[in-house]
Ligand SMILES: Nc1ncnc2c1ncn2[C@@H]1O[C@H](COP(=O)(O)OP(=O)(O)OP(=O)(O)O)[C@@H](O)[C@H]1O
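As structure tokens, one chain now follows by itself in the form predicted on its own.
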């Protein structure tokens, strides 16, 4: 048995002359949270749909825990919340979740028990017997997440789970995802355009552009690769420190601190500490600026254009 829970090997998906996913290979380890990012039309949703088996690749192969993509065995361990979920007009929340549970292979009793549990967990008790089709966008996202979890999957695919939500609803969804990962040791593949939020959840980034894989690394490794060499410093007299360092480094003032760019961060740290000591200053902040996922994304895509 492979150590990977999902393996995609040279997947290609064409729609007529358009290639949505181009020779895409990927391996996911269990128990990790992967973020898949890329521009609109990059192939993220198409890749998720092929993992679920709702789209068949034009070429290439893949498996979920050794089972063929789209097979009954693969679907038993997968939960999927698409970007856009269609709900039946005549079903209330309980009925919908119960029905999705039975489709996932649960008995009537098991499906009802699980539906009731998820409704409590996702704070939908007051809306349990209301029509899901009438719910707000944020509540519909919660129900979509609940149906993805109805059969206790080992792997969860979330396609834009916070799209078109207000800040409060986005945080509720992200907090729910964090709780599930911690409580269940899930493997999660999540796509989002809100990168500042995504980086608070994931520990591994997958970047895709024009259907091709351009990055597949842990956040820490990717940040190290694209590190900018910027030191953020603050003391009890930033103006004096600025004067002492100006001319020797590329330096700029920021709110409550100064930012210094260098090719040798360790040497800069020693110089800053020495300057602060020699001028009897009090050091408040000294840290290397971490590259955000947003900047990481921009730099990776710029590298693709070169």
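Numbering follows the first chain given and starts at 1. Everything numeric here is computed off the predicted structure, so don't read it as measured data.
Keep in mind that the form predicted in complex with this ligand is not shown, yet the notes after this line are about it.
Peer 1: Going by heavy atoms within 4.5 Å, which of 256-264, 233-241, 37-45, 57-65 lines up against this ligand in the model of the complex?
Peer 2: Correct option: 37-45.
Peer 1: Please check if residue 11 has a heavy atom lying within 4.5 Å of any heavy atom of this ligand in the model of the complex.
Peer 2: No, no contact at 4.5 Å.
Peer 1: Verify the contact flag for residue 20: yes if a non-hydrogen atom of it lies within 4.5 Å of a non-hydrogen atom of this ligand in the model of the complex, no if not.
Peer 2: Residue 20: yes, in contact with this ligand in the model of the complex.
Peer 1: Residue 160 versus this ligand, in the model of the complex: is there a non-hydrogen atom within 4.5 Å?
Peer 2: Residue 160: yes, in contact with this ligand in the model of the complex.
Peer 1: Applying a 4.5 Å heavy atom distance criterion, does residue 199 contact this ligand in the model of the complex?
Peer 2: No, residue 199 stays farther than 4.5 Å from this ligand in the model of the complex.
Peer 1: Within 4.5 Å of this ligand in the model of the complex: all of 88, 130 and 166, by heavy atom?
Peer 2: No, the whole trio is out of contact, none within 4.5 Å by any heavy atom.
Peer 1: To verify the annotation, which of these, 134, 184, 193, 72, has a non-hydrogen atom within 4.5 Å of this ligand in the model of the complex?
Peer 2: None of the other options qualify; the answer is 193.
Peer 1: Quick one: from 83, 110, 216, 172, grab the residue that has a heavy atom within 4.5 Å of this ligand in the model of the complex.
Peer 2: The residue from 83, 110, 216, 172 that makes the contact is 83.
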